[in-house]
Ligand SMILES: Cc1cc2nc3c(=O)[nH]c(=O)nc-3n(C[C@H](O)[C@H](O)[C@H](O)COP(=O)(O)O)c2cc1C
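One chain comes next, on its own, written out as structure tokens in the form predicted on its own.
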């Protein structure tokens, strides 16, 4: 059930030293291609990386919070042609969560590494660093990298009693206790 999948999906930053099978990578990438996009413009493109040396380089893309990518057997860089669609950020974000849910559905863990508007160094954007490493043309923007692999850590599913029900409103902003 989709609801159970959502509760079980957690950000995984520690991965087993096990390659992700080609069949599973194919499922994830085909799922990404099925992602909805505004006016079916599909501005996104996906770069799947399994080369450990490249993943190590990409793990240095940000000053903080990306080092764990070096331990992932798979990274998917989500990019977009900004000129193809004015809501490329939304479209790439949707595709990115589809990637994460597809990975979860086949027994893999994942974690989103935000790239857009983050920095590699004080004077160099993470996006520019990634474009250099992967030879990405200037017309593309980098939204994120999704680290994927077999989890080497266990996290409890989200609990219904911990949900922020106060963030749900019916008809207006007046609080309604319906859940």
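Since the structure is predicted, the reported quantities are computational estimates derived from the model, not experimental observations. Residue numbers count along the first chain shown, from 1.
Another form exists, predicted in complex with the ligand; not displayed. Remarks below refer to it.
*Identify which of 150, 112, 46, 119 has a heavy atom within 4.5 Å of the ligand in the predicted complex; exactly one of them does.*
Checking each option against the ligand in the predicted complex, the one that comes within 4.5 Å is 112.
*Since the chain is shown here on its own, which stretch among 48 to 56, 129 to 137, 62 to 70, 25 to 33 would lie within 4.5 Å of the ligand in the predicted complex, judged by heavy atoms?*
Result for this chain: 62 to 70.
*Can any non-hydrogen atom of residue 19 be found within 4.5 angstroms of the ligand in the predicted complex?*
Answer no; every heavy atom of residue 19 is more than 4.5 Å from the ligand in the predicted complex.
_With a cut-off of 4.5 Å between heavy atoms, is residue 10 one of the residues that contacts the ligand in the predicted complex?_
Residue 10 belongs to the contact set for the ligand.
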